[in-house]
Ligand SMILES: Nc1ncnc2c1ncn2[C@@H]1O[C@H](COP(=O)(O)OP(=O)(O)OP(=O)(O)O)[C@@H](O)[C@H]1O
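A single chain, nothing else alongside it, follows as structure tokens in the form predicted alone.
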């Protein structure tokens, strides 16, 4: 259903993303080797990715890089091996249907053992096999069986925490050397994803490589209203037009929050007011859990900057003046770096030399931040 709060898996549950899906299908049909999907948080990138790969009926693996980083603090090769193998096992029936024999493929990799209860990955695999070797084995198998494999890194900007492993170099090597593999990277922290890929840096591995870039935008006002109407119709729930208008005014085309609102109203049967309040309350908890990991290195100042912008203070000089009053003196360079970081992480945007918070739930969450 449209109001399923989990990432979508099937096209029928995905609203109005034909352009983005067709761009991915076209790139895969042409055997393009690198696809980059951008967009702010909660506009549906993960759903588009999952639906596209299911619809394309290609063998693939999706790695939740952000989840791995938040759990382990770095992205070691062993974690990627386990994540990819785990994805294979979780989607075994799908792969069997499309002719990708997972167990046959995995049995060819030393350090991975097929057992009665599943697949075991030896802890020493990462020390015995480089990630390029691992990818080469996938490419070789696909070449022999005339298959194309897609490896997707969701929130790929966190690959920069690879320790000694330079994943941008590995991606560049794959693009150059593995004709049967397409790499897809997604990122909601657009500035950081660009910093990681360094596609405009002549000294960086990915410089000059062709890539298909796809920007996932928030819904327009008309699309947001139509999305809500169709979702409520699907669940046979009647909603006043004034409530639809208020919801769209509040959540500004961010499909993730519109989906939560629809879920609260049509599935949990909450009133309009309670659904809005619940969304802000629960959404803020989610935002703050993500945000805390970002602002920890300079929590006091990040908190004050975000509060300032959430309250409507928008220019560099005014935000700095507010920050100095609350936290004490700070150099222009240091203050500018903090602002730039928040823009790179996607928590702030800068337009016409004014800063704002693009997500209404993030704005609400920032107003509740407490200084330490």
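Everything numeric here is computed off the predicted structure, so don't read it as measured data. Numbering follows the first chain given and starts at 1.
Same protein, other form: the form predicted in complex with the ligand, not shown, and the subject of what follows.
Trainee: So in the model of the complex, is the ligand close enough to residue 43 to count as touching (4.5 Å, heavy atoms)?
Mentor: Yes, residue 43 sits close enough to the ligand in the model of the complex that at least one of its heavy atoms falls within 4.5 Å.
Trainee: Would residue 5 show up as a contact with the ligand in the model of the complex if we use heavy atoms at 4.5 Å?
Mentor: Residue-level check for residue 5: yes, a contact with the ligand.
Trainee: May I ask you to state whether residue 363 is within 4.5 Å of the ligand in the model of the complex, using heavy atom distances?
Mentor: Residue 363 lies outside the contact set for the ligand.
Trainee: Answer with yes or no whether residue 355 is in contact with the ligand in the model of the complex, where contact means some heavy atom within 4.5 Å.
Mentor: Residue 355: no contact with the ligand in the model of the complex.
Trainee: Only one of 252-260, 295-303, 176-184, 160-168 has heavy atoms within 4.5 Å of the ligand in the model of the complex; I'd like to know which.
Mentor: Among the candidates, contact is made by 252-260.
Trainee: Counting non-hydrogen atoms within 4.5 angstroms of the ligand in the model of the complex, say which of 188, 284, 224, 247 makes the cut.
Mentor: Going through each option in turn, the one that passes is 188.
Trainee: By the heavy atom within 4.5 Å rule, which residue out of 149, 100, 219, 88 makes contact with the ligand in the model of the complex?
Mentor: Of the candidates 149, 100, 219, 88, 219 is the one lying within 4.5 Å of the ligand in the model of the complex.
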